[in-house]
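Just the one chain here, the form predicted on its own, laid out as structure tokens.
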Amino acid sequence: MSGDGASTTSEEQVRAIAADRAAFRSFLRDHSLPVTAQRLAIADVVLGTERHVSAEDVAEMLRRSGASAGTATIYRTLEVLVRSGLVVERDFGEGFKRYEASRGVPHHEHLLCSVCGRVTEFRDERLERMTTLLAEAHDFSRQRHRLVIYGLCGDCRRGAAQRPPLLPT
């Protein structure tokens, strides 16, 4: 990709984030909820990252940007963002939820590293067809599905291979 293409993507992302921020402001006003600097800062963090962030990640990212919000405010704002449809809540069975901007992202699946917690998204049309075929084979009308594959990412797998084996005690 050329340098121009990279900057276009960045400009597109900036525009998309600005549009989402405006949509969030409208959602808050339409539902008689206060439009506060803290809520907007939290929205900016979640809508502005490609990662799947936890409430703790949001708090840390706010701190790094010089903003702050209480834990309860972060959780309440995340709930409002999910209700607005701008953010999707993900539960990977880790004991906490993660959030990602929904911004027209097509349905996708997740690989979750059980060592470092890295989440990798993937999409495979074969899997989509297979879930439909499986549902039909069982006289079931599929509406949606969710797949999370747990294991070790390449970095953790290579790191585990370099560690000496544990000696029995």
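Remember, predicted model here, so these are calculated numbers, not experimental data. Each form is matched to the other, and the largest set of C-alpha atoms that superpose within 1.5 Å is called the rigid core. All residue numbers are counted from 1 along the displayed sequence.
What follows is about the form predicted together with a further copy of the same chain, which we do not show.
Contact with a further copy of the same chain in the predicted complex, defined as a heavy atom within 4.5 Å, holds for exactly one of Leu28, Ala59, Leu112, Ala41, namely Leu112. Segments offered: 59 to 67, 122 to 130, 28 to 36, 42 to 50. Contacting a further copy of the same chain in the predicted complex at heavy atom distances within 4.5 Å is 122 to 130.
Remark: His108 does not count among the residues lining a further copy of the same chain in the predicted complex, judged by a heavy atom distance of 4.5 Å or less.
In the predicted complex, a further copy of the same chain stays beyond 4.5 Å of every heavy atom belonging to Ile17. Although the partner is absent here, Gly151 lies within 4.5 Å of a further copy of the same chain in the predicted complex, judged by heavy atoms. Shown alone here, Arg103 lies farther than 4.5 Å from a further copy of the same chain in the predicted complex, counting heavy atoms only. In the predicted complex, the residues of 67 to 93 lying within 4.5 Å of a further copy of the same chain by at least one heavy atom are, in order, Asp91, Phe92, Gly93. Relative to the superposed core, Arg123 undergoes a C-alpha shift of no less than 2 Å between this form and the one not shown. Annotation: Cα of Cys113 displaced by at least 2 Å between this form and the one not shown, core superposition.
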